[in-house]
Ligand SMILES: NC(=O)c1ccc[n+]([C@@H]2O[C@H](COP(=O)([O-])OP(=O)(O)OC[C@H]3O[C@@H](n4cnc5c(N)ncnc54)[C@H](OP(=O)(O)O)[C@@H]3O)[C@@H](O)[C@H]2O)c1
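Here we start with a single chain on its own, the form predicted on its own, put down as C-alpha cells.
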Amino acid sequence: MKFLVIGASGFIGRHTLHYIKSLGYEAVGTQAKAKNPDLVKFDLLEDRIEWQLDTAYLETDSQVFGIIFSAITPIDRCWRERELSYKVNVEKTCQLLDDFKNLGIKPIFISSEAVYDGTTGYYSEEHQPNPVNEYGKQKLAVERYIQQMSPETLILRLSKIVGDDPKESHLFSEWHQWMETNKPITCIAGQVFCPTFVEDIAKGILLSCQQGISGLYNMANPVFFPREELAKQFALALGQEAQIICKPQEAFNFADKRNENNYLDSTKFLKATGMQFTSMREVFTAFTHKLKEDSK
C-alpha cells in the first residue's frame, strides 16, 4: 500500500502521515501553502492533484489510498464565509474525489459527527443525518455525492479529536493554558461528546486500509463524557485547580449552532477492525509526562 495524505499540515493529517511513515509505508503529504519542504503544495481552490503530484508515485502495483483531511473546519467561519467554505469543502472536494478515481487512487473521506443534529446522541450509521450547522451540511453534501457516485468509498465520521502533547494546538493544551493563567474552562452546559486520541485516528485509518473495508463508519472512542466532566478529570489528572463554568449555548454568541449530544456509536467500526481505542486516562498521563519533560 501507498498513501497520499491531503491536508498533512493539520493536526490530524500530520499525525496520520507520521504514523504511516513510521511503519515503513510510502506516503506523500500535502499542504495548502508551501511552508514545509517535506510536504507537496496542493491548494484545493487553485490546484488539481495531478498537477502537483509526481506521476511516478502512481506507477505502482500497490494500491494508493488518498486520505482527505483538508477542509475549512471552524464552524463559525463556515457560516460567515459560506460561499468560500462551500467551494472548498464541497465543490473542490468532490472534484478531488473525481480526480482520485481517474488516477486509480482509492479515496478515504474524513467526515464528522456534525452531520447529526445532536438532539439525542449515541448515533449509529443507521441514524438519519440532520445537520444543524453549515459545516455539517457541507460534510453531508460530500457524503451524499460519494454514496451516489462511488459507494465503495470509505467514509469515516470522527468526533472531537484530542492530543497528548502540550506544545500542539488541541482541546487539552488549550485547557491547560487556561488553567495556567487562571482563566476558567467554559463549557456548553449539557454537551456530551466522545473525545478520541489523534493517534487512534491514524491507527484506525491504517487498519481500515489493511482490512479493505469500505462504506460508512463512525470512528470514535466508544467512551463518552459530558464536557464539564472531562475538564474536571483532566484537571484532577494534572493535579491542578480548575474553575469550570457551564453556560447555555445561547450565552456564547456563536455565529452558527453547535451540536450538544455529539457522541457516536462505533460498534460497526470496532467489529470490522478490532480497533482498541486509547482511554482518556492514558492520554492525561502522557500529557502530564510531557509537561514534566518540557519543564526540565
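Sequential numbering from 1, following the sequence displayed. The model shown is predicted, which means the values in this text are computed figures rather than measured ones.
The protein also exists as the form predicted in complex with the named molecule; that form is not presented, and the subsequent description refers to it.
Using a 4.5 Å cutoff between non-hydrogen atoms, I12 counts as a contact of the named molecule in the predicted bound form. Although the partner is absent here, S173 is not a contact residue: none of its heavy atoms lies within 4.5 angstroms of the named molecule in the predicted bound form.
When the named molecule is considered in the predicted bound form, N262 lies well away from it, no heavy atom lying within 4.5 Å. Put simply, K203 is far from the named molecule in the predicted bound form: not one heavy atom of it is within 4.5 Å.
Here the marked residues K33, V88 and S112 all reach the named molecule in the predicted bound form, each with a heavy atom within 4.5 angstroms.
Remark: of stretches 146-154, 71-79, 123-131, 220-228, the one touching the named molecule in the predicted bound form is 71-79 (heavy atom within 4.5 Å). Proximity to the named molecule in the predicted bound form, defined as a heavy atom within 4.5 Å, holds among I161, C209, L97, C187 only for I161. Residue in contact with the named molecule in the predicted bound form (any heavy atom within 4.5 Å), chosen from F65, F42, F234, F269: F42.
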